[in-house]
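Here we start with a single chain on its own, the form predicted alone, put down as structure tokens.
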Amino acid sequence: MTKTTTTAPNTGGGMWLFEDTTSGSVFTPERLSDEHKLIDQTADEFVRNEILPSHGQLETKDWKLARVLVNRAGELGLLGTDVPEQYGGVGLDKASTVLVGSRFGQSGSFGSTFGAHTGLAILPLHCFGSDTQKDKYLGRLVSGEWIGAYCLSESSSGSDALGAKTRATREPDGSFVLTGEKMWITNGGFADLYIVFAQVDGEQFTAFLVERNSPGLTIGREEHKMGLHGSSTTPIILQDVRVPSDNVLHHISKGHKVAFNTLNYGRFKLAVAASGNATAAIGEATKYAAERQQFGQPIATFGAIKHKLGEMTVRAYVVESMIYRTTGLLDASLKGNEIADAGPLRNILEELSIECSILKVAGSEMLHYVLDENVQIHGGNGFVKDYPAERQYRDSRVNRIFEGTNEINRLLIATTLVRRALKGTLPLISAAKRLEDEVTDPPTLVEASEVPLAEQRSTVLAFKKTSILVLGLSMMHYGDKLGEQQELLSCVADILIDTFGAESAVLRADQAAIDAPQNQLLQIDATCVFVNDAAGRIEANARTALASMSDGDSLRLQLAALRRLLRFSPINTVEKRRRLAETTVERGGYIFR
């Protein structure tokens, strides 16, 4: 039987690995309210009617048009979903923010402009700004009168953000003089307010609010990029730029708090945009496949194309499930707090850093797969600029570099979990000891069940135990040197990503019996395909990880334990992908929205 509960899940980051999350306790797209759907409709209509038709003009570097469109988004309230009404925002929940961000994700270039403005400029000002700073700047940014930009990266410190060389020298009157150069700044060419990170006295990493008209601030030339031609990307050169002490954002030496919590939210929002982009591309691929004739029939009838459409749908469904699950954790944590009090938001963004990094990696790589297959389905037409597939493919490549490279985020997923375990905030060590006893006990027979997804729930539990096994052995083998084993940590991260995705999909599909019965069988198909394929990936990553630590009899014992944990039988994924693909063609696009 499908279980439902009103008990809120534990909002502690990473706790899903150690706890049994019950069906009905996580937020899913099927639980969006009528008000949410109106917000979604407003954002979708704006993007379709005003943004998408402007792509060609934006790609000529028409920043005046970009400003007009940002301003128009502000008029509709689409820039201020995270901001309280007292500063011109609309103060909505995070589910509303996800809906808006997903729709803007349909446009790579303007989506980047929107994301940098709302997630990297408005958000840190809301979370860390003083009342005076908010009064002065936040209303202008939320209305779209001013555009914001986030200046963290430098030519010698991309992923190593704290290694920034930009200096901030204290002056006798309490002001600061900034000198340095920031690179790859989205909105750099036409922003009015820059959040700039610099080292005070060479060692205190600090965030500053710097206005465009500040003497000594120069905008470099637009970068010649592979994609996102309709998004401004420039260097920002600071030559003795004087900044008043009132424009220190948060506190001196606390710039890492501003930078990393902003990036956590940015990673989450990047996955949201990727999800919106993917669902739109699935619609384009479906339409093309239904219309394109080869050998006297639509290519959508060919098994190879059905596989692509089915797999695109599966991956988009799982990332969407992960996004809304995390959205539910955000909103549950913020419930009952005044939106003007940004403290709880700062805290939960830090707490959910593991999930934000998981989503960033999973979302960007899912989108790359979907857009690559979209080009392939279009064939030769996918390689020319007459169709959106070519531009979308180029635009998406940077998503695996934005907001911390996927390599860095994989390391963050694993090392953050280990660090919290060592601090005692996650029960990894005790769970690993219990698991050690379990794998040495005689095996127990598991009775077959007719309950939908019973086998998948059991397999997800095995995924969790595999994660704990590999992590526990890694910590025991390498101790405080584990951080140096990047290949091993990447394997661990991939296991965790697949585990979180599989459980999120299972929980959503199980809830669909009540929330979306007309779609439950299709959700079960998507979930079963993903869990089946994730099992193979997890086993391969676990074997690689174990072999990197052990050999001989020790390795054989560990592999035997792994086989006991990951006992699963493959299913007929061909049939399920075909059913998903055929329904996608029948309905004319992504079937779960």
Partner chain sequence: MKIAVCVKQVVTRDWPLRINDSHTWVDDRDASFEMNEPDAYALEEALRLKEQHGGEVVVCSAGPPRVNQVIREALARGADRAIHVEAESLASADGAMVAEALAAPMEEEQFDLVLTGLQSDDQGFAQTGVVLAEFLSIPHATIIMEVQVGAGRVRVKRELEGGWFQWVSMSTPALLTIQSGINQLRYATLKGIMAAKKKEVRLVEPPAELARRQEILMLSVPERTKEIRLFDGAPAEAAGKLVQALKDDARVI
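Computed from a predicted model, the values in this text were never measured in an experiment. Positions refer to the first chain, counted from 1.
In what follows, reference is made to the form predicted together with its partner chain, a form of this protein that is not presented.
- Against its partner chain in the model of the complex, the set Leu38, Asn49 and Leu78 is in full contact: each member has a heavy atom within 4.5 Å.
- Screening 203 to 211, 432 to 440, 70 to 78, 229 to 237 for residues having heavy atoms within 4.5 Å of its partner chain in the model of the complex returns a single hit, 70 to 78.
- A single residue from the set Ser54, Asn532, Ser550, Thr42 has any heavy atom within 4.5 angstroms of its partner chain in the model of the complex; that residue is Thr42.
- In summary, among the residues Pro427, Gly472, Gly88, Gly180, the only one with a non-hydrogen atom within 4.5 Å of its partner chain in the model of the complex is Gly88.
- Proximity of Val418 to its partner chain in the model of the complex falls outside the 4.5 Å heavy atom cutoff.
- Using a 4.5 Å cutoff between non-hydrogen atoms, Leu92 counts as a contact of its partner chain in the model of the complex.
- Contacts to its partner chain in the model of the complex (heavy atom within 4.5 Å) from stretch 574 to 593: Glu586, Arg587, Gly588.
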